[in-house]
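Presented below, as structure tokens, is a lone chain in the form predicted on its own.
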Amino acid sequence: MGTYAISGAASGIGAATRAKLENGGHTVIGIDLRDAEVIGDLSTPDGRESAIAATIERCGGTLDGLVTAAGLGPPVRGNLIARVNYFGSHALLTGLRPALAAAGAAQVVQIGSNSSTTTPNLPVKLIDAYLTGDEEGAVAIVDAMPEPFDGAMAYGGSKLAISRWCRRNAVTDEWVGAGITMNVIAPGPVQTPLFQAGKDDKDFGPLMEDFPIPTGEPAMPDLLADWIVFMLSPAARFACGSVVFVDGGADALIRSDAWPDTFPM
């Protein structure tokens, strides 16, 4: 049996994943603002550092897997979304990498989103700020946007940037070369407290109601947890740097021919 860390373990997809791993006999170290073994605020550098240190202490320096599921979305202000969704996830991924490498054959699942590909006009300068580690620059870009669009841009941009970061790094010596496989799962609408808060918002609610889901209704957290548990299993060891869309067909509907795509030589 393995030891796994899950950020955002107190609710939604993180909580559902935790339950399935524990039912399988694994040990889970939850990281969250409440109801977790490690209490940490991923919106601040100090909170991230303390969460990383406490997680390493609890796992004894060795982790078999990591699920970075903590995230915020509209109607939360965009600056907080930027700090948690990208910089909070990035800090955990890099800070816990040595503990993952110590396991020899660890697996990581970052929670992305189909908003990374279905949100139009995500600002390139925001994506660049995320990927270059310019936290205050990213926050300044988001703060300059009018409400409520700051939240949507910060959310979609953070998920696009963290997905790119994972793809870039998954195939490097530091990650797969150290026996760590890292992949991204990109859900569509899932019945979580985050999703419900968006539906209840006067600005985002109508947009979310109109968002197409070819298969029908939004997914339940348990369904995504099944995918994540599979992606942490030995059967998924050959997947590396993949972004797997589990979104009811929305990305395929909106961007049918955008991917796969060839490239010029």
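Numbering starts at 1 and runs along the sequence shown. Keep in mind the model is a prediction, meaning the values are calculated, not measured.
We do not show the form predicted together with a small molecule, though everything after this point is about it.
Just to confirm, Arg34 within 4.5 Å of the small molecule in the predicted bound form by heavy atoms? It does: once the small molecule is placed as it appears in the predicted bound form, Arg34 has a heavy atom within 4.5 Å of it.
Does the small molecule get within 4.5 angstroms of any non-hydrogen atom of Gly30 in the predicted bound form? Looking in the predicted bound form, residue contacts with the small molecule do not include Gly30, since no heavy atom lies within 4.5 Å.
Flag Ala70 as yes or no: does it have a non-hydrogen atom within 4.5 angstroms of any non-hydrogen atom of the small molecule in the predicted bound form? Ala70: yes, in contact with the small molecule in the predicted bound form.
Quick one: is Ser242 in contact with the small molecule in the predicted bound form, heavy atoms, 4.5 Å cut-off? Ser242 lies outside the contact set for the small molecule.
Of Ile52, Leu42, Cys59, Leu232, which residue is found within 4.5 angstroms of the small molecule in the predicted bound form when only non-hydrogen atoms are counted? Among Ile52, Leu42, Cys59, Leu232, a heavy atom within 4.5 Å of the small molecule in the predicted bound form occurs only for Leu42.
Quick one: of Met182, Ala161, Ala82, Ile111, which gets a non-hydrogen atom within 4.5 angstroms of the small molecule in the predicted bound form? None of the other options qualify; the answer is Ile111.
Among the candidate stretches 174-182, 98-106, 111-119, 130-138, which one is within 4.5 Å of the small molecule in the predicted bound form when only heavy atoms are counted? So the stretch in question is 111-119.
Tyr4, Cys166 and Ala236 - do all three of these have some heavy atom no more than 4.5 Å from the small molecule in the predicted bound form? Per the other structure, none of Tyr4, Cys166 and Ala236 touch the small molecule.
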